[in-house]
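Shown here is one chain on its own, the form predicted on its own, set out as structure tokens.
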């Protein structure tokens, strides 16, 4: 039996719920009803398991994003759907998971390549290009620079040291940051669509 997918999915749930440090291989094995040895036959150590979890989370995110953008009438509608998804994702994610990633597994976040990419840090360049084609984003913006800025906006809006959970609601912070940034790169058509969808969501 191939346990890899089962282990990854259960580990993803437990890491996101309790944090990475709090989840031991013994706990994971107990939840799965298998031996710890079985886990170590698939993953060399916890860091390798974490990489597998991040890769799986990214792939799921990518599939969902593709579905959202293929079913949306325009890029602004798609972005609002994406923001809802991001808000729900961060609300369900334990602050301990995010803190553990920064404190103890930062080397994983620094590695190049999609395999260990942190969820919701994937490229926005296709979104930006589609927005330009649809006339909702200005043609004079630099796609590469704008993409990097949008990624930093996403990271900052989810930084619990800047916006602690006791004082701020994650989805509100993400939405506020993103919408203000989008207004700055939008045409009048884009601004009208942002105002329309923002009003609907409120």
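Just so it is clear, the model here is predicted, and its values are computed rather than measured. Numbering follows the first chain given and starts at 1.
Keep in mind the form predicted together with the DNA is missing from the figure; the text below concerns it.
At a distance of at most 4.5 angstroms from the DNA in the model of the complex, none of the three residues 144, 148 and 178 contributes a non-hydrogen atom.
Listed residues 45, 59, 172, 152 were compared with the DNA in the model of the complex; 45 is the one with a heavy atom within 4.5 Å. Looking at residue 14, you'd find every heavy atom of it more than 4.5 angstroms from the DNA in the model of the complex. Contact check for residue 34: a non-hydrogen atom falls within 4.5 Å of the DNA in the model of the complex. A residue is said to contact a partner when one of its heavy atoms sits within 4.5 Å of a partner heavy atom; residue 38 meets this definition for the DNA in the model of the complex. In the model of the complex, at least one heavy atom of residue 25 sits within 4.5 Å of a heavy atom of the DNA. Of the candidate stretches 26-34, 133-141, 50-58, 63-71, only 26-34 has residues with heavy atoms within 4.5 Å of the DNA in the model of the complex.
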